[in-house]
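Consider the single chain below, provided in C-alpha cells and representing the form predicted on its own.
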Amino acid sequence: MTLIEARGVDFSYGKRLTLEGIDLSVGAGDSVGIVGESGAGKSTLLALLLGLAAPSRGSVLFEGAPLQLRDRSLMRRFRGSVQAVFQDPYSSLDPRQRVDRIVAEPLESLGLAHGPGARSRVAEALESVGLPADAGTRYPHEFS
C-alpha cells in the first residue's frame, strides 16, 4: 500500500525553479534515503513530503488522497503515520534530554502516550526499532 506519493511535483522559490517533475512513491514501512549535492532540492522535497510546504505544481498524496495542509484532522493522521529521521542526530536530538523524554514528546503531542501507559508506549517504540526499553534512561551521546 502506498502511504505517500509525489506526482509531477514542481517547486519554486520565487522565480527560481528548485524541483521539477518529481514522482516518488513510498509504501507503508518503507525507508527512503534522499541523496544529492548541495542545493539539489533534498530539503525542499522533504518539506513537501512532510506537508511543511505545498508544491507549485503537481500533488502530494497521503494514502491516495491529496494532502490538504489546512485539513487539521487529515494532517494529524498524516503526522502520526510519517516521520523523518535526519542524518545528524546531534542537530536533531536535544543532548540535554534523556532518550525516553525525546521519544515521548511526539507521542504525547499526538495523544498516543500520556498518563500511566506512557512509559510502556515509549518502551514499545524503543523496542520496535531494536533498542531495549532501558535505552530510554540514556542520553543521545551515549549511543554510537
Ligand SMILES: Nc1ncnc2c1ncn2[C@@H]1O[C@H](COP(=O)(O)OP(=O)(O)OP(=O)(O)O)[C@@H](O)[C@H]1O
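None of the values given here were measured: they were computed from a predicted structure. One rule holds for the numbers: they count along the sequence shown, beginning at 1. The term rigid core refers to the maximal set of C-alpha atoms that superpose within 1.5 Å between the two forms.
This protein has a second form, the form predicted together with this ligand, left out of what is shown; the following refers to that one.
Shown without its partner, this chain lists 43, 81, 97, 92 as candidates; in the predicted complex, only 43 has a non-hydrogen atom within 4.5 angstroms of this ligand.
Stretch 35 to 43 is the answer when you ask which of 51 to 59, 35 to 43, 103 to 111, 64 to 72 has residues with heavy atoms within 4.5 Å of this ligand in the predicted complex.
Put simply, residue 16 is close to this ligand in the predicted complex: some heavy atom of it is within 4.5 Å. Remark: with the core as the superposition reference, the CA shift of residue 36 between the shown form and the other one reaches 2 Å or more.
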